[in-house]
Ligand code: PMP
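In structure tokens, the next block holds one chain alone, the form predicted on its own.
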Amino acid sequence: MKIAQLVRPNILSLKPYSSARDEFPGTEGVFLDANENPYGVLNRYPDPHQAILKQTIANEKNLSVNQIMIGNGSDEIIDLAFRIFCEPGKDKVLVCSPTYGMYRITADINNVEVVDIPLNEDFQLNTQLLLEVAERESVKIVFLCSPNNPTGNLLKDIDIVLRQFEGIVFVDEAYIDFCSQKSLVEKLDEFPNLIVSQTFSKARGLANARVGMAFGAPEIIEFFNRVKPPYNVSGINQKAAVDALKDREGFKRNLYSILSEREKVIEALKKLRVIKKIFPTEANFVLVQCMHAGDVYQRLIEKKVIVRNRSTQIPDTLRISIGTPEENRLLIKSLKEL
């Protein structure tokens, strides 16, 4: 596969911005080149290439640094994928609803048409239809979220899409740490059209820091680095991500707690009359169908318990994030009182 044939022509010829730290990457000296304030603790620009963070991630995932791009959250990575591969007003992408809403929002911002092939009743891909429509509509990118948001389940047949689709397959693995399946990062060498996105916001507990990761073939990652803003992730957030990766014991402890609490919450929800159905989940949330979901949502707010009403995507559903043991007990207590 020739990735360059999928890239917008103007991106192929784009010369990226050269920052002061590109022209002099050293760390010692009197720095009078970037128009920075000489005073203060946070007065210097961060490393635009995030070298320490990338190397730490590369060691963790057994990858090369040139297979990694760091974004200001996964949302920036999604936006950059549109800007690299999709000509506004001309190209199309494909999504499988219900799924993460930012794919469509970002498409609208970039004036890119969205083709929607809904998931089946088990929230799995209509694989053959997807492939047929993608070819007929000359789709540039297929966006797949696994584990899926808001349903929580893993998607099957992604390998089939990767083998048969001739465009970019963007797999959003924001919740991969909570599930039993290995990451598709392990298959980057097998599929040159694969982009995998992950985040520090979920399992690593750094939602406030806004650090996302894109993994792909070096050719794809080079285009991401060509298009991204020079200082897109702050030095503070880069260090927070490095520290999070080094804290392996804390990560394992928190992950175990969330997974354990997830099972306790599911068992408690099964006993509540207001809950009609609990959907299988491999994420840090559970999707439930309940009686009068809108009313339940509002009454939980009155009790200062905030969940997400997903009834616009799937009728009468609420998405419930797994909190601390105390927060989860308050959730169940409040639902019982309904």
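All residue numbers are counted from 1 along the displayed sequence. This one's a predicted model, so the numbers in the text were calculated from it and none came from an experiment.
Omitted from view is the form predicted together with the ligand, to which the following refers.
Stretch-level contact analysis of 85-93, 171-179, 221-229, 134-142 against the ligand in the predicted bound form, using heavy atoms and a 4.5 Å limit, identifies 171-179.
Contact annotation: residue 201 falls within 4.5 Å of the ligand in the predicted bound form, judged by heavy atom distances.
The closest heavy atom approach of residue 237 to the ligand in the predicted bound form falls outside 4.5 Å. With a 4.5 Å cutoff on heavy atoms, residue 152 does not count as touching the ligand in the predicted bound form; it lies far away. Not displayed here, the ligand is kept clear of residue 193 by more than 4.5 Å at the level of heavy atoms in the predicted bound form. The single contact residue among 157, 113, 247, 75, judged by any heavy atom lying within 4.5 Å of the ligand in the predicted bound form, is 75. Along 95-109, residues 100, 103 each place a heavy atom within 4.5 Å of the ligand in the predicted bound form.
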